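As structure tokens, one chain now follows by itself in the form predicted alone.
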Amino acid sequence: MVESVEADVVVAGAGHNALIAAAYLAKAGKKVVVVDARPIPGGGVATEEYLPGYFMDSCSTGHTIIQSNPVIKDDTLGLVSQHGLQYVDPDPVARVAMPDGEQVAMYLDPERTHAEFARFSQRDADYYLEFLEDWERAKGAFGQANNTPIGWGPPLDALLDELPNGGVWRRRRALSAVDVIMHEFTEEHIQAFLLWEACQTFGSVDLPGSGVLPYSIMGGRQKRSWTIPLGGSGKLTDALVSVITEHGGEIYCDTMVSTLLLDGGRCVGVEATDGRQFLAKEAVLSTIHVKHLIDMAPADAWGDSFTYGVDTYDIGIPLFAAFLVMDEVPTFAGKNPEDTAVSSGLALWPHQVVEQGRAIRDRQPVEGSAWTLVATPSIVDPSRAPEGKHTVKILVPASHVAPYGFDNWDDAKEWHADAMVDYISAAVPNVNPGNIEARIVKSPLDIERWNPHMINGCAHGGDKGVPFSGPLRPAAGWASHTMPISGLYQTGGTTHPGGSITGSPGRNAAMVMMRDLGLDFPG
């Protein structure tokens, strides 16, 4: 006899967006069951004890963007006031080493950032303050568009047209991040720093549609820094799970979904690889990557438009990660430990970033790193490591294929990690083999094995360029969280407005589902 679990709503996948939607539904009185392939919920919002006493964020660490989402800003689910979620805003915001040995720092005080930029260009430093003011005027339009389901409100261009310089913003958002930075700033160190920040979401910064990134990321970080949850990224997940279970919901981990259950063309549940069925009386919500989701139902159930959209969907840029244990703060050459930011790194010049991004998209072997993050959250959150110790995460973009001389990433990963440590040590001398007490390396293959949603190690749900954004995400005609199969809804990084820790796809999906289920959305 097939084992089955019944609920009003079944949620397939437990990433933070799925959990946000599930929390809204559970609070509204629906019996919610969430199933996930991993041993713990959270997807890319997870903190794991990789070594005894060392709690490391296995994917995301910074939660800056979600701070403007009503889920956090207005605490609509009680995550902060009732479920223990706490954030800290580190200062300095960032320190980045340049190819010529120079360093550029950013601070929460915009005047200090201005003074830092002025070391390289007074003109660019002065313009940066105007740049921030311009974003302050425009960010409401972008926030409204991101936190509203597609088709539920004015399109972004209409919102931008209400601004005094709306035409400028319409052009900017259609340009690439490289175009915007190179047009609006003149000095190469400042250009490289802004591009390093724009690369944070692992988008293709040289492609049309990425032009708002320099504004949104710099504006958010200048106001809030690289905001991190105390106790680890997984504390957001813990708070969401607490809301769901408090309202009668259930979470089933180690449960890989293999099939969508259909009855008369309607999705009525999901089946796991072990044969268990999770049956939904009212709706199924998926956060399974659309590249996998489409294989879970007969081909004729999807329709040509959705199928074409998924076939041509760009999964994005892979990640390569190394997790280090150290007994000292990574310290930049010529600086003191306190000068190191939680979010630090190394940059290349803009043309080098463009060249490597193109090589990655062309599936060419890539050995260097055009963008390097050296994250040390234990600087401001000592709960992540034993006293006097630090957790350090190195994150770099990688190609879909292994470097030259290796057949696959399993063979190449330790060599590549050695190369990254050697590269970083030129700017951060104490990040060297003699000071690294332990190291865990995750190649793109490892990242996909850790989480099947991260195909080829791509953790951000897919590229967010023009063909894959707004009403085209994930496919034209299916951007409002409903799917071609009735009763089935979609959220997560493959839906509007995309990946990263924003919570917007989850909240937007909850709005759509609650309308269809006759429920009032609380805000």
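Numbers for residues come from their place in the sequence shown, where the first is 1. Quick caveat: nothing in here was measured; it's all calculated off a predicted structure.
The form predicted in complex with a small molecule is left out here; the points below concern that form.
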Could you confirm whether K27 comes within 4.5 Å of the small molecule in the predicted bound form, counting heavy atoms only? no
Any of the heavy atoms of D463 lying within 4.5 Å of the small molecule in the predicted bound form? no
Contact of A37 with the small molecule in the predicted bound form (heavy atom, 4.5 Å): yes
Please determine whether A321 contacts the small molecule in the predicted bound form, using a 4.5 Å cut-off between heavy atoms. yes
All three of G15, L395 and G493 touching the small molecule in the predicted bound form at 4.5 Å, heavy atom to heavy atom? yes
Let me know the one among M296, L108, M326, L163 whose heavy atoms come within 4.5 Å of the small molecule in the predicted bound form, would you? M296
Please pick out the stretch from 256 to 264, 402 to 410, 111 to 119, 90 to 98 that is in contact with the small molecule in the predicted bound form, where contact means heavy atoms within 4.5 Å. 256 to 264
